[in-house]
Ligand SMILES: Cc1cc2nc3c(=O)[nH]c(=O)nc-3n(C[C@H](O)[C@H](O)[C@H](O)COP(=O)(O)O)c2cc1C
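In structure tokens, one chain follows: the form predicted alone.
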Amino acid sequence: MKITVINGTMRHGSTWHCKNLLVEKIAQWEETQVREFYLPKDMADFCSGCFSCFLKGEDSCPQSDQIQPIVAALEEADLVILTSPVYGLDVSGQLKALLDHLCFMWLSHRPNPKMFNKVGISFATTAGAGLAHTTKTMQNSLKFWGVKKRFASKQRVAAMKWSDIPEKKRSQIEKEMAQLAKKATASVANIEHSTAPLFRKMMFKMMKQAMIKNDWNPTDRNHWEAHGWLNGTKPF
């Protein structure tokens, strides 16, 4: 199984340990190839809002040299993992900056067919509040990328460091990671035969009608035409 991990910080804290537990558990079920990115080391810049990726193509992004290796790794993966501790009741600024850069491949712009048969997992940990909103931010990107099967792990650890988490809580997390590993492994194995998300079907149908009438962004429209989606070819 090919796994691509986007680490929302470079800190090896509770989120990192939970993610590591999951990857280790998956490796007990399947042979794995893991590629990891750490933010901001692997993508240090904020989106400038220049619209270049939307109007001219993603290669025209000022940060294309940082973005394209990450996109390539996402395309190659069977399982995509997004992680972030809760910062200000949301994902880290570093992860948000990356997700902003990747909006060009949302269903509402130029959806990437290579994302349609993937499994995605989001990880969020916190010492206090904010898990729901932080998880939603990551899940929204997975959903709008067209990822077929999504899971979320939310851990309220009530500690600033992994070593400060009570042993009972860490044992509980380990059990949950084992269960999630089993579900994720099974989902990857059966992804071709799993049911497509209703949201994806509805969003694609709505955007198809918008693209038929699209005279404001030829880059997006040409993408849909090149895949035959405006002429009846079904992507899933």
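If you're wondering where the values come from, they're calculated on a predicted model, not measured in any experiment. Note that residue numbering begins at 1 and tracks the sequence as displayed.
Below, we refer to the form predicted in complex with the named molecule, which is not included among the displayed structures.
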Could you tell me which of 80-88, 113-121, 95-103, 143-151 sits within 4.5 Å of the named molecule in the model of the complex, going by non-hydrogen atoms? 80-88
Does the named molecule come within 4.5 Å of any heavy atom of A132 in the model of the complex? no
Spell out, yes or no, whether the shortest heavy atom distance between A127 and the named molecule in the model of the complex is within 4.5 Å. yes
Touches the named molecule in the model of the complex: G13 (any heavy atom, 4.5 Å): yes
Even though the named molecule is not shown here, does A159 get within 4.5 Å of it in the model of the complex, heavy atoms only? yes
